[in-house]
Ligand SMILES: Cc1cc2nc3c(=O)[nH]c(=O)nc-3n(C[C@H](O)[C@H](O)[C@H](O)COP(=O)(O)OP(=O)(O)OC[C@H]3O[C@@H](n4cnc5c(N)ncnc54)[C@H](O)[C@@H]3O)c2cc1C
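The chain below stands alone, shown as structure tokens; this is the form predicted on its own.
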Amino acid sequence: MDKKVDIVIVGAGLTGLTTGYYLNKAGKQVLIVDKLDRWGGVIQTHKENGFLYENGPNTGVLSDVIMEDLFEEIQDEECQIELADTKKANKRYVVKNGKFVALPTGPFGGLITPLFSWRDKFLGIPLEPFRPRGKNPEETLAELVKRRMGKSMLDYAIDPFILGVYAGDPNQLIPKYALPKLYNLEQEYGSFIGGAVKKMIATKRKGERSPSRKIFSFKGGLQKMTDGIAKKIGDENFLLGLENITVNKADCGYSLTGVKAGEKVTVEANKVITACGGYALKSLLPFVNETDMTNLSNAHYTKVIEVQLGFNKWNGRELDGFGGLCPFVENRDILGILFMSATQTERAPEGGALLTVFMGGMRRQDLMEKSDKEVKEIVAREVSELMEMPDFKPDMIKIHRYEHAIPQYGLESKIRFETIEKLEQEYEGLILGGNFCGGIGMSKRVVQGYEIAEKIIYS
């Protein structure tokens, strides 16, 4: 089988789908290929015995207007966004001394919460706007937070946040690369608190639209979102279930080869966009020299176990929030628990509950070696205690393991980003995308896909 297209996109996850959507909308000839026999990447929704649960991400945040616009365009009867119950979604817990404690939602709450030390309440947070800017661009997130706000803020606010987003370690993440908006608040405005206020005022004065930042899923699960984007692109613009994908330079552009159902497939393209994990690039792009490839694929992906628990009848603590996270200092064997049925509809039978439990992360990679039986024992112990359950008998339990869950943006990110820029200049028509650059999370993936498409459309 031989095909010739203008643009081929390798990877049918959210990045590739978004890129393909905007290119297709602009009238570009696009083919999206993937080794899986479906689109969506790690996003996959399952229904079983009255429970609706996800593989991969469970919800997202509307943190960019580009994502909001995309969802507005793809919605129809079968693809409808579902916003989380705001009151519950905004209530989040952190474990301290074996109990869930609600995170404060305002300045006054920060002064009365038992999560932070008295020193940080009165000398850390209030004095943050007056502290000098940092001068080390390679300062770790842990160093930055302790310097500006205090250790208890790191332990019980930032650390659990990082566990929830990166499953990472604040002592390894570099804000300039991992959290550039936070880093720039200090560098541009001199303060997190003051900078956030000044930036909000500046946005309003310019009349710029701000994202809602609401928690979302889709009615029927997140797979409805990826199905909705793919439907707009069209089945004819996909080549799925293609194994052993390799891209090489050709006389005019690039030649992609692979195997589908035992038959060799060749696709000639003027441009190639990668929208896959950094770990896949070595076999995908053999024409890149060894040094550049080492730098390009240097992102470390942390391993995570995701466990879905379904209860036909809930007998634990009230599910009155988004979920709870476990700071590393609490020495728990799980990262946190999401109360999925509390914020999204039709996730469990009436009177029941659906919980999502996460294990592993950068500092507990050892848990990946546990058997399913051992994982279930850990989950039973942790969930019983934290959710105040006298009788732990889930009606459904599903275990998913992710060897390449989330890329970490540490010190090695600088050379990776520089190498991406170098290779794109060296190889005309090659564009490198994916979650190893441009940030993690669904919003970042949508924005990167949009920006890649814009680069091509207006080049």
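The first residue of the shown sequence is 1; numbering continues from there. Since we're looking at a predicted model, the values are computed, not measured.
Note that the form predicted in complex with this ligand isn't included here; everything after this is about it.
**Q** Using a 4.5 Å heavy atom cut-off, indicate which stretch of 74 to 82, 341 to 349, 90 to 98, 271 to 279 touches this ligand in the predicted complex.
**A** In short, 271 to 279.
**Q** At 4.5 Å between heavy atoms, is Gly20 in contact with this ligand in the predicted complex?
**A** So Gly20 does not count as contacting this ligand.
**Q** Quick one: does Gly429 come within 4.5 Å of this ligand in the predicted complex, counting heavy atoms only?
**A** Answer no; every heavy atom of Gly429 is more than 4.5 Å from this ligand in the predicted complex.
**Q** Using the partner position in the predicted complex, report whether Gly11 sits within 4.5 Å of this ligand, counting heavy atoms only.
**A** Yes, Gly11 sits close enough to this ligand in the predicted complex that at least one of its heavy atoms falls within 4.5 Å.
**Q** Verify the contact flag for Phe417: yes if a non-hydrogen atom of it lies within 4.5 Å of a non-hydrogen atom of this ligand in the predicted complex, no if not.
**A** Outside the cut-off, so no.
**Q** Pull the contact list for 347 to 383: residues with a heavy atom within 4.5 Å of this ligand in the predicted complex, in sequence order.
**A** Heavy-atom contacts within 4.5 Å come from Phe358 alone.
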